[in-house]
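A single chain, nothing else alongside it, follows as C-alpha cells in the form predicted alone.
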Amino acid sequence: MSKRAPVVVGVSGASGAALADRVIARLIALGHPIELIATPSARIVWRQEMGRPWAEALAAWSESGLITEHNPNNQAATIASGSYPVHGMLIVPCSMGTVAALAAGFANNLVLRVADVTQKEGRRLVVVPRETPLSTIHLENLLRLSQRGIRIVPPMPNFYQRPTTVAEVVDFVAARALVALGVAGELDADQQWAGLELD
C-alpha cells in the first residue's frame, strides 16, 4: 500500500458514471490510495449507465488494495475530520444538487461533509459538474465555488485531438480532473495540444 495521502472520490447521482469509473481506474494505475463515497442515487445511476451493479465494480477495484469505501450516511467516518490526512477531493460526476449544497455550505451526507472539510483545511477540491443546459442558478452556484478556489472541470471533449469514441472523451476528462487535483503532473502526450503551423 502506498504511503501517499489518499484522494477522496465522491460519486453523486448525476449522469456520467463512466467519468467516475475512469478516474478511479487512473488513480489505481497511479498506485494512489482512494477513499470512496457513492451516494444512493449514484449507485442507481451506475447500474443504469454501466450495466452492472456498484458492488461488482467495487469488488474489482478492491483487488488493487487501494480502495476504502465509506457509507455516505456515516458522518463519523475518518475522512469526515480535518485531522485525517488526505491529498484532496474529487466529486465526479457532480450533480447540480450537490453543487447547490456546496455553494450554500450544506453538509447533510458524507460527500458534502468531506467537501466542507476539504475547503476549511485548504485542500484541493475538484468538481466535474454534469448538466445541460445550465440555468442561471447553476452558473451562479458554480461561480461561488470557483470564487472559493474550487476547480471546475466540466466534461468537455478535446475536439482538437479528433476523438472518435466516447471512451476517448471520458479518458480526457478524467485526466484533466486529476491534473486539476494535482495527482497527475500533466496530460498524456497524446492528449496535449501540439500547436499548428500558420501558413
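Since the model is a prediction, treat every value here as computed from it, not as a measurement. Residue numbers run from 1 along the displayed sequence.
Just so it is clear, the following notes concern the form predicted together with a small molecule, a form of the same protein that is not shown.
K.L.:
What I'd like checked is whether 12, 45 and 96 together line the small molecule in the predicted bound form, meaning each has a non-hydrogen atom within 4.5 Å of it.
P.N.:
Each of the three qualifies.
K.L.:
For the chain seen here without its partner, which of 154-162, 35-43, 63-71, 50-58 has a heavy atom within 4.5 Å of the small molecule in the predicted bound form?
P.N.:
Contact criterion met by 35-43 only.
K.L.:
Answer yes if any heavy atom of residue 118 is within 4.5 Å of a heavy atom of the small molecule in the predicted bound form; otherwise answer no.
P.N.:
Although the small molecule is absent here, residue 118 would stay clear of it in the predicted bound form, with no heavy atoms inside 4.5 Å.
K.L.:
Answer with yes or no whether residue 131 is in contact with the small molecule in the predicted bound form, where contact means some heavy atom within 4.5 Å.
P.N.:
Flag for residue 131 set to yes.
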